[in-house]
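As a starting point, one isolated chain is supplied in structure tokens, in the form predicted alone.
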């Protein structure tokens, strides 16, 4: 970003002025679509402003982990596709991609969205749920888009049956989920706190905080970059996350029919 543009944006943000006439605690327009990948057990695409993230779910027969022999497996992976941003390249996972997958995974896992004990089939056989995230277009805040997409994909997924030693993918029942979690990502630009930073605002931010929660509990928090948040700022952002998550949960419920 050019220096003059940065200075102009920072001056506007310090006065509480954001792109699209947003207030500091306003999200961009959000759209959530489900069932976009016919061959997946579940899928959803979350669009926040110009940011688009696609989630796909695949469920298959597997062996349990040695330390949890009576629980199914959850695996989350993420791809930052080169077509999404000039800053994304083809190659091994980048630190940004690893962090993205881990933040979304942690919220889903610790939010008890899935009871992995119900994925147990018989000794030595469990269901493994593979959760894949694809950033299709980047314009800031892939974390919240990823959580929305994966949450909606899981809530509309169908699980195969295991009959006579075979995996049967006919007349599948809906995968049982027990919670809805959402994440709210905040940026600190100079001394201003903003929810849902767009791509330009992310270039200006000195610190980032993602809070994943349900109705009553916080399940995960992730701080990014080298800047700092004061205790009173963190307290205010926790309050903001619980407030904004009501809107986000409603979007998930409407898209999934719950």
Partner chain sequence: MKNTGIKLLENGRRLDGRSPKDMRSIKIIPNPIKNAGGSAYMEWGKNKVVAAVYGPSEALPRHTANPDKAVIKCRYMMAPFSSEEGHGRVGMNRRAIEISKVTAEVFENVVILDQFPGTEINIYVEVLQSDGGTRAAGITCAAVAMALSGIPMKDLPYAISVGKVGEDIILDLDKIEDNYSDADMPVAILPRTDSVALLQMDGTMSKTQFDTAMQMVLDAGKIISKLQKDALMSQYTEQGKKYG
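All values derive from a computational prediction rather than experimental measurement. Numbering follows the first chain given and starts at 1.
One more form of this protein exists, namely the form predicted together with its partner chain; it is left out here, but the text below deals with it.
Participant: Every residue in 98, 222 and 226 with a non-hydrogen atom within 4.5 Å of its partner chain in the model of the complex?
Facilitator: So, yes: the whole triplet contacts its partner chain.
Participant: Which of these stretches, 120-128, 133-141, 161-169, 74-82, has heavy atoms within 4.5 Å of its partner chain in the model of the complex?
Facilitator: Stretch with heavy atoms near the partner: 74-82.
Participant: Answer with one of 25, 10, 17, 234: the residue that has a non-hydrogen atom within 4.5 Å of its partner chain in the model of the complex.
Facilitator: Contact with its partner chain in the model of the complex is made by 234 alone.
Participant: Could you work out which of 57, 30, 193, 209 is the residue within 4.5 angstroms of its partner chain in the model of the complex, going by heavy atoms?
Facilitator: None of the others qualify; the residue that does is 209.
Participant: Since only the chain is shown here, I'm wondering whether residue 68 would be in contact with its partner chain in the model of the complex (any heavy atom pair within 4.5 Å).
Facilitator: Contact check for residue 68: yes, within 4.5 Å of its partner chain in the model of the complex.
Participant: Heavy atom to heavy atom, is residue 174 within 4.5 Å of its partner chain in the model of the complex?
Facilitator: No.
Participant: For residue 36, is any heavy atom within 4.5 Å of its partner chain in the model of the complex, or not?
Facilitator: So residue 36 does not count as contacting its partner chain.
Participant: Can you tell me whether residue 217 touches its partner chain? I mean in the model of the complex, with a 4.5 angstroms heavy atom cut-off.
Facilitator: Judged by the heavy-atom cut-off of 4.5 Å, residue 217 is in contact with its partner chain in the model of the complex.
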